[in-house]
Ligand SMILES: Cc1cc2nc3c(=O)[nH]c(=O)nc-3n(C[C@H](O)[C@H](O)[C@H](O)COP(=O)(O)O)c2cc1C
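In structure tokens, the next block holds one chain alone, the form predicted on its own.
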Amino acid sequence: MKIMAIVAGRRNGNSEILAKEALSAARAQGAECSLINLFDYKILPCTGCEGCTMSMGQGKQPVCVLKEKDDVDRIIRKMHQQDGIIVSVPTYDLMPSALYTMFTQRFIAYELAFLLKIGVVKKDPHLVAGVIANGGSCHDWQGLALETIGATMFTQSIRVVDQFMAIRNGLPGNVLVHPEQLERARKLGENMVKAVSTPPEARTWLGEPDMGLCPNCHSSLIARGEPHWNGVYYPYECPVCGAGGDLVKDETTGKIRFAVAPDGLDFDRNQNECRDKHLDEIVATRRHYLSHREEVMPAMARYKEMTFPGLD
């Protein structure tokens, strides 16, 4: 049983301390544990070249143009050798750190659902994850942290089985005055072992049962739905996992809850067979563009010649 922690905060800071506490609990139950801090590696931002998705759309093995220029490929391949991942990331201004999102935006070149669809990868490794968001304030200033981290899990088919938010940790070591947070990190580590030890088809959510509004991924965000590229529409959707449904009033509690429609998990990003539909969308969008390319190119030339002053 292999469990690796990925930290995107300062070395020996609160995020790293929480990750180590979780790993210690997992190791105590027999897991082989490792930890990497993204600050120790070279990570370049995605260039948006679309070379990876263009290759996969043609049924070919994708190769990121940055593969030989930094450490992202090396890190992802190490991830693929694990049974579980613990992600511990500081929150900066509502969202997880830019270092973490820059790293995970490179995941598209390794999109497991797409690779399974075209036959490059033969078997889903069924990775699970425990997520820790950590910040100097409460939920009001970390409101997009867990959801953003959760949204980065899908391209690697990593299912989040537990998550929590550590609050009021402004300075390095601040978490050490919150023993309940250290204990919660240990519980997350224990839950990781429990999830890995459970057959994939029997795995369930192990975090707080009433966390969030979405009963599928436990996100706190629910948004008004808009038509999908193929016309499918739900009144409300979870922006994280893609579950569709409506807001209803619970007759027992009187509270508003998000009720998933009977077909509301047809776009569940946790499911490879649902997520690979996005490759169909990418291909259809590209074909539509190419059919208008002759009229687009002259306009692009005009914008290329259009200049404005920048910094002095």
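On a predicted model such as this, the values are computed, not experimentally measured, just so you know. Numbers for residues come from their place in the sequence shown, where the first is 1.
There is also a form predicted together with this ligand; it is not shown, and the following applies to it.
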103-111, 184-192, 87-95, 70-78: which one contacts this ligand in the predicted complex at 4.5 Å, heavy atom to heavy atom? 87-95
Can residue 225 be called a contact residue for this ligand in the predicted complex at 4.5 Å between heavy atoms? no
Determine whether any heavy atom of residue 119 comes within 4.5 Å of a heavy atom of this ligand in the predicted complex, and answer yes or no. no
Would residue 205 show up as a contact with this ligand in the predicted complex if we use heavy atoms at 4.5 Å? no
Is it the case that residue 198, even though its partner is missing from this view, gets within 4.5 Å of this ligand in the predicted complex, heavy atoms only? no
Which one, 125, 215, 136, 239, lies within 4.5 Å of this ligand in the predicted complex by heavy atoms? 136
Between the options 219, 157, 82, 169, which residue brings a heavy atom to within 4.5 Å of this ligand in the predicted complex? 169
